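In the form predicted on its own, a lone chain appears below as structure tokens.
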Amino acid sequence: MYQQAFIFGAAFLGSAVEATEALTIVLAVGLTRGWREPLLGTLLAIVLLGLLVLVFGQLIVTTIPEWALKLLVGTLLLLFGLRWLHKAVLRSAGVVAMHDEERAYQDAVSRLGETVGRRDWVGFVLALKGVFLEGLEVVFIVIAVGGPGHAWTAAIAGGLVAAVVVAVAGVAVRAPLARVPENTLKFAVGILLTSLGTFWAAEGMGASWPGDFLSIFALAGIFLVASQLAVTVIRRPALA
């Protein structure tokens, strides 16, 4: 039960961050160039991403030994999580400016201009590319957190629920999700993925954890305390 909940949470938070960035692109294209082609591009990207999950998920389960899968995916998750955690720490400390989804949206709008012609292939391609590239990270998160523990249902559900929640919020406000605390989400996701990666990488090398999967919560607490200490040590005045 704890394992399923943890994996669902990791997949949900990680997917929510990427879905927010993808939605910003789709909204910018749709509001400036019309909705038909951007929505078609988004739909095609979602279909392609779904195929990737099915193909590579099945390939991972059937061809890679469990210990090797845990070591490989654990290492990748650890590196991926540390990258997000590193950026979140720097932003929280004021060393790097916070990511501004509103500004990203306005920049995209200024580059797009108005729709010309009856078929807007530019809008189609931009939405397809944006959703597909951001979605690749969602696919990685879903496969990585769901594969080693054979918890595909929880991982896929987390990714899908995150996409639906972000999409509904976007439709409701029809504007970029500037109020989403993206850095807080990335902080949480960085801690979750780093903890999960440490746990599985160590198991892949033959280590056993006291309390089994519950040890991840202890690891998360350690990484949280360490990252907060890092923020305190390097804190600077917030960048405008």
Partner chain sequence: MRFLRAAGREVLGLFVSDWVQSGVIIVILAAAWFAVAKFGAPALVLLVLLLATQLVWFARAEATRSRRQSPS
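Nothing here was measured: the structure is a model prediction, and the numbers come from that model. Positions refer to the first chain, counted from 1.
Same protein, other form: the form predicted in complex with the partner chain, not shown, and the subject of what follows.
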**OP:** Run the contact test on 202, 205 and 223 with a 4.5 Å heavy atom cut-off to the partner chain in the predicted complex and return yes or no.
**Re:** yes
Original post:
Would residue 79 show up as a contact with the partner chain in the predicted complex if we use heavy atoms at 4.5 Å?
Top reply: yes
Subject >> Contact test in the predicted complex: residue 163 vs the partner chain, heavy atoms, 4.5 Å >> reply: no
Original post:
Does residue 42 reach the partner chain in the predicted complex, with heavy atoms at most 4.5 Å apart?
Top reply: no
**OP:** Give a yes or no for residue 35: in the predicted complex, does one of its heavy atoms lie within 4.5 Å of a heavy atom belonging to the partner chain?
**Re:** no
Subject >> Among the candidates 95, 156, 169, 122, the residue which, in the predicted complex, approaches the partner chain to within 4.5 Å (heavy atoms) >> reply: 95
Original post:
Using a 4.5 Å cut-off on heavy atoms, which residues of 217 to 233 contact the partner chain in the predicted complex?
Top reply: 219, 222, 223, 226, 227, 229, 230, 233
